[in-house]
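First, one chain by itself in structure tokens, the form predicted on its own.
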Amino acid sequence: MEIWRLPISASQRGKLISAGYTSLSSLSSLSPSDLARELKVSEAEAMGILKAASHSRGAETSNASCSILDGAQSAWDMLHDEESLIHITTSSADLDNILGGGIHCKEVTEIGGVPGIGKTQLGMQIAVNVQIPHDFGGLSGKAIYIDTEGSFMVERAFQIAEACIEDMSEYNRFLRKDFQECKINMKPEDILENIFYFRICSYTEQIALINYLDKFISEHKDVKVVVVDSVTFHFRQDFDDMALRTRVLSGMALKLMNLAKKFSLAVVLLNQATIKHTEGSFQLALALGDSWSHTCTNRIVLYWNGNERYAYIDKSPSLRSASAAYSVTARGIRNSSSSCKRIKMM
């Protein structure tokens, strides 16, 4: 059960979320004095909050035990489910190849790299491509785009949407030779209409939105990807207490993993890069530290090799480590081409 469902006042819920407590389990080991000190409330008020949490946790445990016992699944069924899942193409065949077909549903994929490497471009490409119709091998889904940095450009998304429709038309002309062509009823405006955009200006807003996503997606069941651009920004700006930051991030990551499994959708987290001092030398690493690196299913690092962009599978339980070159072009993400490097998009 999540904090926002607790039978306490709105101000108390806000204080809990701001302090990093987003689930009942995060309150289970706290004493009233510890909670009072963190929330800056009286011990009596803290005691009331903990009592409400304890009562709700007891009811939740009773219901959860039944669902766990009824929810057993064989490994064979799991394999069948995984093989039947459709991936979200990145529009780069080489990149899709090392990803095992594209971005995986039911998983959390982290994509990180230095500024200018194409993280936001890739995020927008995925938000467009998730809408490719079933007839063209897509998911016919919708996208949630969570923008923490203000880097989403609707004009650029429109360009990528136009190119996506042109690609489908070209595919249609190819099919016409031997098979019945598929009808395309999409326009760029339709694609933009199916991207639910949220602008986030603080880490508390980010936590609150992540908590709200379960309800939102339940009401919009055709959402098949959630893109967070970037997951890092507010957690590098607003935090002095690293233990609190780790707790908040862990809770947020757990919720995103649960969303991916529950709704069979893909979660894509864009991350920034930082410099890490290791064994006497400075190395490029993704932000948020070692603990965060274990929270995502797949981790993809984007980097420059000369003037060419590359993607590297840094961590995955199902994909082997591999790298592939790609380009950011006027049409979006594409295979690497010597004529398409570091060009101005807009």
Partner chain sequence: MANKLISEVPLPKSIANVFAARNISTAKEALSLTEFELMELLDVGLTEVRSALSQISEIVAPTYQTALSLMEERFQNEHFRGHFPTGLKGLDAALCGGIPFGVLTELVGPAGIGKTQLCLKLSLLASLPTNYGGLDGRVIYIDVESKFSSRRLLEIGLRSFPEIFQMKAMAQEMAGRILVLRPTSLSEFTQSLEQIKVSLLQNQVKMLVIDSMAALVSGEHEQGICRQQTLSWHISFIKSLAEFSRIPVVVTNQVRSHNHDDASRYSFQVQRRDGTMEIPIRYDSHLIAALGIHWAHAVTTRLVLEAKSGQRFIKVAKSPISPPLAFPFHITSSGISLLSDDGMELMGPEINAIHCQGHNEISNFGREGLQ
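Residue numbers count along the first chain shown, from 1. Heads up, when I say rigid core I mean the largest set of C-alphas that superpose within 1.5 Å between the two forms. What you see is a predicted model; the values in this text were computed from it and never measured.
Here the subject shifts to the form predicted together with its partner chain, a form of this protein not shown in this document.
Using a 4.5 angstroms threshold between heavy atoms, residue 136 stays clear of its partner chain in the predicted bound form.
Heavy atoms of residue 301 reach within 4.5 Å of its partner chain in the predicted bound form, making it an interface residue. None of the heavy atoms of residue 170 is located within 4.5 Å of its partner chain in the predicted bound form. Although the partner is absent from this view, residue 123 stays clear of its partner chain in the predicted bound form, with no non-hydrogen atom inside 4.5 angstroms. You can rule out all but one of 161 to 169, 101 to 109, 199 to 207, 261 to 269: in the predicted bound form, only 199 to 207 has residues with a heavy atom within 4.5 Å of its partner chain. Shown without its partner, this chain lists 318, 283, 29, 33 as candidates; in the predicted bound form, only 283 has a non-hydrogen atom within 4.5 angstroms of its partner chain. Contacts between 288 to 320 and its partner chain, taken as any heavy atom within 4.5 Å in the predicted bound form, involve 301, 302, 303, 304, 305, 306, 307, 312, 314.
With the core held fixed between the shown form and the other one, residue 314 has its Cα displaced by under 2 Å.
The Cα shift for residue 12 between the shown form and the other one, taken after rigid core superposition, is 2 angstroms or larger. Residue displacement note: residue 289 has its CA displaced by under 2 Å between the shown form and the other one (rigid core superposed).
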